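Quick heads-up: it's one chain on its own, the form predicted alone, in C-alpha cells.
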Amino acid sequence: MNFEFSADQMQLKDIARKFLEKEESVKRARNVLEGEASYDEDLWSKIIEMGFTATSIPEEYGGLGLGYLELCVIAEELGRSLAPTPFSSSVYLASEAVINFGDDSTKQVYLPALAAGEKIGAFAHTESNTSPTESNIECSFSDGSLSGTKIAVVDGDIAGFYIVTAKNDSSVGLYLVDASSDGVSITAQPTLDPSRSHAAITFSQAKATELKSDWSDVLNLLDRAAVLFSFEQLGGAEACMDMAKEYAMGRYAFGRSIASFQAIKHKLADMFIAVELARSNCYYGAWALSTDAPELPTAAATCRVSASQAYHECSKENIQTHGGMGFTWEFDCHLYYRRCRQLAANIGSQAIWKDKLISSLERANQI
C-alpha cells in the first residue's frame, strides 16, 4: 500500500512552503508575539487569496472541493512556518463542524463565508483544568439559548462565531453561536504562546443554532482535527530538526564543526527518528481521514501522540543544540517551543490522546 502523497499534492506542498517563506511567516509570528495584535491580518488575507481556507469545503458552497490529503500538506507547511493566523480554528474545527453536522441552510450561510475568509470560526470546548467529558460538560442549551463559560478558546477573541459543546435534556452536542449575539462576553487570556490568541467566552442565554450531533459526533470532530493538528506538529518538528542541523554544521568549537561531536550527532539522530516515526503515523492518520475509515479513532490518536512527542523532542533539543544561544530571545528556538506546547494542549493533552489510543485498541481487539 502506497502512503506517499501524489505529485500534485507534493506540488501544492512546495507552493505553500515557498509562499510562507516569501512572506517571512516565522518573522511575522515573532511580531505578533511581541506586539499587541492577536494575529497577522495581512498574512491571513494572503492565505485566503491562495485559497487555502477553501481547500476542503465543497464547491457547491464556494470551496475548492479538494480532499483532506491536500489539507494535510498545507497544515504541515503552516506548522513549519509558525503561521500566526486562525487557520486551524477556522478550518480544522469550525468548517468541519458545519460541513459534517450543519443543515443546508447553515451550510449556505457559513461555508461560503468561511471559504472566502469573511468569517473566522472557533471551537469552544474546555470549561476547566480537567478534560471535557460527556459527564462534566456544564454549558447547557435550552429553548434556543445557550448558557455557560468556556475557557482557553483558541482565537476566541477574533472569531465571528463559535462551535460550542453543550448539554441538553438528552445528550451533549454541538451548537453554533454568533459572536455578536446578545449574551456573549469575551475575555482575552494570556498563554505561553501569544502568537496564537486565547479567550474565555461566557454565554448568558445567547441565541444558538443546534447542529445535528451528539457526543459521538463531538469525538469524531476531535479525531478529524487531531490528524490535521498532527501534520502541523510534524511540520514544526521537522523545522526544529533542520534548524538544529544547520546551526550545528555552521558552528565551530575547538577548530571543528560541533556537528562532528558525538553528543550532537546523537541529538540530531534522535530528532530524525522522532520526526520519521511521526511522519509514518501521520500518513496513517491522513489515509484514515481521507477515506473516512473505521480506523480513524485509532489512527487519529496514534498520529496525535506521535506528533506531540516528536515536536516536544525536536523543539527542546533544538534549544540544547544551540547551547547558550538557544535560550536567548533573539533566536527563534523559543518560538517553536512555545508553539509546541500550545498545540500539545489545543484539543486535549498527550495523556488524553494516549488514553484514547489504548481505548480504541481495546475495542478493536474485542471485535
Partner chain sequence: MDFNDTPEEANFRKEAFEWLRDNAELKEGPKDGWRAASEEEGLKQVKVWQKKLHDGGWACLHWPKMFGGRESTPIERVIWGQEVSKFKVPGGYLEIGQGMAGPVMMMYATEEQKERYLPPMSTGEEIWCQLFSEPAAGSDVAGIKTKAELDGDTWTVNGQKVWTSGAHFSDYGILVTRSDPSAPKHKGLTFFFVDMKSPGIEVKPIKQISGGANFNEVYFTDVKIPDSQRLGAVGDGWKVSLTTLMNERLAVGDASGPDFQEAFSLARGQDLNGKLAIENDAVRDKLADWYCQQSGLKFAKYRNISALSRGETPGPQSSITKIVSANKLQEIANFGLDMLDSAGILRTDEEGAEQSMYQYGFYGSAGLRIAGGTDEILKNIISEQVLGMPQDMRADKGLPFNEIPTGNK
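Residue numbers count along the first chain shown, from 1. Predicted model only: the values in this text are computed from it and were never measured.
Another form, the form predicted in complex with its partner chain, is not on view; read the next lines as being about it.
S.K.: Of these, 86 to 94, 109 to 117, 207 to 215, 148 to 156, which stretch puts a heavy atom within 4.5 angstroms of its partner chain in the predicted bound form?
M.R.: One stretch meets the cut-off, namely 148 to 156.
S.K.: Which one of Thr202, Ser142, Asn100, Ser128 is close to its partner chain in the predicted bound form, taking close to mean a heavy atom within 4.5 Å?
M.R.: The residue from Thr202, Ser142, Asn100, Ser128 that makes the contact is Ser128.
S.K.: Mind checking whether each of Lys13, Lys27 and Ile48 has a heavy atom within 4.5 Å of its partner chain in the predicted bound form?
M.R.: The answer is no; none of Lys13, Lys27 and Ile48 reaches its partner chain.
S.K.: Would you please decide whether Ser257 lies within 4.5 angstroms of its partner chain in the predicted bound form, comparing each non-hydrogen atom pair?
M.R.: Judged by the heavy-atom cut-off of 4.5 Å, Ser257 is in contact with its partner chain in the predicted bound form.
S.K.: Taking heavy atoms and a 4.5 Å cut-off, does Leu296 contact its partner chain in the predicted bound form?
M.R.: Contact with its partner chain, no.
S.K.: I'd like to know if Gln342 sits close to its partner chain in the predicted bound form, meaning any non-hydrogen atom pair within 4.5 angstroms.
M.R.: Judged by the heavy-atom cut-off of 4.5 Å, Gln342 is in contact with its partner chain in the predicted bound form.
S.K.: Heavy atom to heavy atom, is Gln189 within 4.5 Å of its partner chain in the predicted bound form?
M.R.: Because a heavy atom of Gln189 falls inside 4.5 Å of its partner chain in the predicted bound form, the answer is yes.
S.K.: Can you name the residues of 253 to 283 that have a non-hydrogen atom within 4.5 angstroms of its partner chain in the predicted bound form?
M.R.: Heavy-atom contacts within 4.5 Å come from Ala253, Phe254, Gly255, Arg256, Ser257, Ala259, Ser260, Phe261, Gln262, Ala263, Ile264, Lys265, His266, Lys267, Leu268, Ala269, Asp270, Phe272, Ile273, Glu276, Leu277, Arg279, Ser280, Asn281, Tyr283.
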